[in-house]
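A single chain, nothing else alongside it, follows as structure tokens in the form predicted alone.
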């Protein structure tokens, strides 16, 4: 195993035997689990790309232990990764918990020596992506995710914070360079070039993969988005807000895994949500037991996209109107009626720019999940490669449109209309 960084001299990777001993030293966890450590069970359940995840079960309850590994789990030890990402995840959870504690798992303990976080075991919640594959509806999802984004993005921005406070917080997350680099390469760069770790449904998508690598307008637009990701420190973003980072029941929603958090463009989070809902939409054909069986569910997914954006926009504006305490658009300048009206116009323009960013980022997120390294189970679970490729091709074409034409979309319903059109017009 790669040596852990010098800042983690006592690090050791936990396993199913040692994890119970680790959590037994935490009083709140002992009380949550009940019984004695000898009677506890532990299993490793991590199915993500980076970390170890254990569920420890006692007589009364269970907890989750998430531990960083010193390498990228889905690639192996050849790709080293700093353990410090657990620190950034804990910092992000701490920040988010100030605004939306009810939309996060409860944290019991952060261990800086072992790069591990102990938190609430969410039950009967499942990973949202798996729910989409099963065709489960989530009536609260749009409102909850809109609230999560509005609160965490607005309240870590210059619209809410004083400049000095925001810069101090930015300084913490500026060190999260390795995880940002993963995003910079895997999302914005690798899908548009020959890269060792790229993969796609072959040979079915060989032609469109090559076409994208030679597509000057697409590559230019993707790099414009990358530049925004590199330079625009608007707010503390989750950085990986896809349907694998949300656990849900029809009654409850929780956001997990903010280890990619840093101060970046707000639209990257809202775009990730939109893009992953669109991937779920295009994958549904591959999960039908008979043709057209998921028609209503597809409609529900598009409705959820619309509702999520519209509620987010409304909530963000409400927060801005109620809490204009930041150094940007200083409240003292807009007390008179004429200035107040001018500010209201500017706020709408701000949200329009944020919408265009979100559309573009949604597109690159869709493309990278089909032509890059890390794919989504929604599509990967489709056994028939021809059927899977048909779904993926539609998603790729819409993704390209969203990246190149992001500013031509005026409303979220135009985005869902484009998805509907792509779904029905192309059967190749």
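Just so it is clear, the model here is predicted, and its values are computed rather than measured. Positions refer to the first chain, counted from 1.
This protein has a second form, the form predicted together with another copy of the chain, left out of what is shown; the following refers to that one.
S.K.: When the contact criterion is heavy atoms within 4.5 Å, does residue 251 count as touching another copy of the chain in the model of the complex?
M.R.: It does not: once another copy of the chain is placed as it appears in the model of the complex, residue 251 has no heavy atom within 4.5 Å of it.
S.K.: At 4.5 Å between heavy atoms, is residue 72 in contact with another copy of the chain in the model of the complex?
M.R.: Because no heavy atom of residue 72 falls inside 4.5 Å of another copy of the chain in the model of the complex, the answer is no.
S.K.: Quick one: does residue 232 come within 4.5 Å of another copy of the chain in the model of the complex, counting heavy atoms only?
M.R.: Residue-level check for residue 232: yes, a contact with another copy of the chain.
S.K.: Using a 4.5 angstroms cut-off on non-hydrogen atoms, would residue 346 count as touching another copy of the chain in the model of the complex?
M.R.: So residue 346 counts as contacting another copy of the chain.
S.K.: Check for me whether another copy of the chain, as it appears in the model of the complex, comes within 4.5 angstroms of all of 98, 295 and 325 - heavy atoms only.
M.R.: Not one of the three qualifies.
S.K.: Tell me which stretch of 281-289, 240-248, 305-313, 216-224 has a heavy atom within 4.5 angstroms of another copy of the chain in the model of the complex.
M.R.: Going through the listed ranges, the match is 216-224.
S.K.: Using a 4.5 Å cut on heavy atoms, which of 113, 199, 353, 140 is close to another copy of the chain in the model of the complex?
M.R.: It is 353 that has a heavy atom within 4.5 Å of the partner.
S.K.: Can you work out which of 136, 299, 342, 195 has a heavy atom no more than 4.5 Å from another copy of the chain in the model of the complex?
M.R.: Checked against the cut-off, the match is 342.
S.K.: For the stretch 315-336, I need every residue with any heavy atom inside 4.5 Å of another copy of the chain in the model of the complex, listed N to C.
M.R.: 327, 328, 329, 330, 332, 333, 334, 336, in sequence order.
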